[in-house]
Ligand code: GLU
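We begin with a single chain expressed as structure tokens, specifically the form predicted on its own.
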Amino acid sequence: MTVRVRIAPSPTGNLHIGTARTALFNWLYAKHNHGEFILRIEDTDQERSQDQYTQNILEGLKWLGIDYDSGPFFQTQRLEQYRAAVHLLLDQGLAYYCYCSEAELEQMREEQKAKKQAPRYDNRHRHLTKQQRTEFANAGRKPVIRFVIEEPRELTWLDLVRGDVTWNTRDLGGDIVIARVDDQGQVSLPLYNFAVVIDDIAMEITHVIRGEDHIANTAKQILIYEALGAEIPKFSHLPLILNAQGAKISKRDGATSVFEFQQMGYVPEAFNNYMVLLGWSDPNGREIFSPSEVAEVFEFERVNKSGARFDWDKLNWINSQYLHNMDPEILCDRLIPFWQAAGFNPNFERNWLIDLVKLIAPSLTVLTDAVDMARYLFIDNLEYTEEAIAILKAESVKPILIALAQALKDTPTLTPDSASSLIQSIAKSLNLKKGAIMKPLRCALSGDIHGPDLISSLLLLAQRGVAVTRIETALEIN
């Protein structure tokens, strides 16, 4: 048997971190078993589905490097298959037309609420006669199609994450709506629980891997598989992603879409790495690994049953590890778009940019950090912190800056060794310690008392031809 799994996002919003993690776990399982991973877009919610969200999903999966073997398939292009399956169930008496009005359903719910009962459909139209259906139709009532749920019955299936799961059909809310009917009396687009089964049967899905919030849906879907005489796939329900308080993560907790994490400066390698750890643990105890390395050992026995708490500190640490160890050429290409978005013009010589990347890489946590870290190296009009201004205004600093400016003019070609010697020589001539030279030099070059390695910064600014100008501008403050 060839393992066939799928991810089936709805294009009603941007690619969510929960959907992305589910996609990753499906991809890992397919790779581990030399199977196939399929992408299906569940776009039957025509009121909320938008092309921009479909594009966001496709771009998000591409950014993450989660490639699929076939697809994307769209539910809106499969209407005839859904209609055929609906009519098959109608002909077998396993589905029926329900003409209940919204007012009747609301009254039913209110009565159940008053009796402190769980809301459910009471199946009142399950056995309508042909004459009753005709009367409702003549009265202008538009029906829905409901699937017959046998009660009472206990359903038990083996979940690859949770073991045996049992669900009583009495807790499914009565006969469920599987499709709506249009003004011409034709079956229109189906509802989720029905369409997903028809799609999974057609695509020969062997394993359904999704979040634990679908467990109740699984019970309903198993009944539909049985009614259609189809083979039931194996199910795996992943733990939900929770916030620090143990509640399901939401926008109130910060970013929730993959696009937002991308904009915040996380790299896909690190983001994938962290998502794997949201619910799975490596048998070798590793915390840093590539998707291909995980695929070699991925099994559902290592997936946790309890919710996975999102830890920003852990994500930041993992991301920093990738940035610190990334090839400077690759990191440079990742940083350029962020510099451009900040209004910088990084069209300098490639070697200059690579030296800049090497300078700041050890201090990066996310890519966006490189904007503030490198700002003083890109901009022409330097801004000074209050602390830097205070140092530059000191009378004792003026001769230091004058000496630095002259020495740099006299040294047209600057190297790390010559720059260090230059500073040491000025310190000796002014009878000062080297540190007394370094602090005002940093303030003059960067406008701050803190920053990356000073000698490297001096070299980069000298290569741009602005080091002397920076020092002379600082003299005006003095």
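In case it trips you up, residue 1 is the first one in the sequence shown, and so on. Because the structure is a prediction, the values reported are computed rather than measured.
This protein has a second form, the form predicted together with this ligand, left out of what is shown; the following refers to that one.
Not displayed here, this ligand is kept clear of residue 259 by more than 4.5 Å at the level of heavy atoms in the predicted complex. When this ligand is considered in the predicted complex, residue 207 lies well away from it, no heavy atom lying within 4.5 Å. Not displayed here, this ligand is approached by residue 214 to within 4.5 Å at the level of heavy atoms in the predicted complex. This ligand is not shown here, but in the predicted complex it comes within 4.5 Å of a heavy atom of residue 196. Screening 192, 74, 289, 322 for any heavy atom within 4.5 Å of this ligand in the predicted complex leaves a single hit, 192. Scanning 1 to 27 for heavy atoms within 4.5 Å of this ligand in the predicted complex gives 6, 8, 9, 10 in sequence order.
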